[in-house]
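Encoded as structure tokens, the following chain is the form predicted on its own, with no partner shown.
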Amino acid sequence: MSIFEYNGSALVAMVGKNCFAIASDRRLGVNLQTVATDFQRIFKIHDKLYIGLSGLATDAQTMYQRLVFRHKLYQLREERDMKPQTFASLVSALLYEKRFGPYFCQPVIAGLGDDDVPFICTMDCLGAKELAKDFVVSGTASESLYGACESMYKPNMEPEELFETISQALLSSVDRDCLSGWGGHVLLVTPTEVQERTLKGRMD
């Protein structure tokens, strides 16, 4: 079993009309044994920028702490919040500098940039970025997430429809992966507000 599958995870970010949603499952496991059912994988960097970290849970938490530290330094120096594109480059550089003993994480970054244009991207554990205009996925359930998102996604969705789409894609995908699941956690970000919702899924 790969080290990326040790704790199990499912992450997806999706773009709508001047908004985006990012969702994860809530299971923390050790191989096939479930340890916790309320595990947080999506972290806030600032009001319009979020990062989801799939992979090894301990590395995800360590990496988040280092990213918060770097972002606070940036805020002190520049007196503004980091743009999503800049933050993606920061995450990529942080991963690449540890390439000989990498963080076993595959990040999903989602944010609203200039003029509230949504930006999403994902990368591997060495920091190779993959940009997308529609959706990005990561984690042990990524294969079934690709299928669900490909069939459900459509461009320029309004916030409420985007929430419904990403929720259905996540719930149907984690049912096909025994290492992730136990409900979901969805963040819907628009230029004016952030909605945080918890999904109930199959509890097995």
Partner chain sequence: MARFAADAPTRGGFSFDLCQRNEMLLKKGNQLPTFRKTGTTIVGLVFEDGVILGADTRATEGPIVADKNCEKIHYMAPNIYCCGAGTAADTEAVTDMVSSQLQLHRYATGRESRVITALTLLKSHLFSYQGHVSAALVLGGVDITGPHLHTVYPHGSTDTLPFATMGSGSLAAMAVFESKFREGLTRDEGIKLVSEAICSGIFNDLGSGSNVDVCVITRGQTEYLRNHQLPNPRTYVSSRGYNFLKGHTEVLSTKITPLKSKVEAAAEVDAMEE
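Small disclaimer: the values here were computed from a predicted structure and weren't measured. Numbering follows the first chain given and starts at 1.
This next part talks about the form predicted together with the partner chain, which is not shown.
State yes or no: in the predicted complex, is some non-hydrogen atom of Ser151 no more than 4.5 angstroms from a non-hydrogen atom of the partner chain?
Yes, Ser151 is a contact residue.
Check Ala128 for me: does it contact the partner chain in the predicted complex (non-hydrogen atoms, 4.5 angstroms)?
The answer is yes: Ala128 has a heavy atom within 4.5 Å of the partner chain.
Is there a heavy atom of Arg99 lying 4.5 Å or less from a heavy atom of the partner chain in the predicted complex?
Contact with the partner chain, yes.
Looking at the partner-bound form in the predicted complex, is Asn18 within 4.5 Å of the partner chain by any heavy atom?
The answer is no: Asn18 has no heavy atom within 4.5 Å of the partner chain.
Give a yes or no on whether every one of Ser24, Lys83 and Asp115 sits within 4.5 angstroms of the partner chain in the predicted complex by heavy atom.
Checking in the predicted complex: none of Ser24, Lys83 and Asp115 is within 4.5 Å of the partner chain.
Among the candidate residues Leu171, Ile42, Ile45, Leu179, which is the single one with a non-hydrogen atom no more than 4.5 Å from the partner chain in the predicted complex?
Answer to the contact question: Leu171.
Taking only heavy atoms into account, state which residues of 8-33 are within 4.5 Å of the partner chain in the predicted complex, ordered by sequence.
Nothing in this stretch is in contact.
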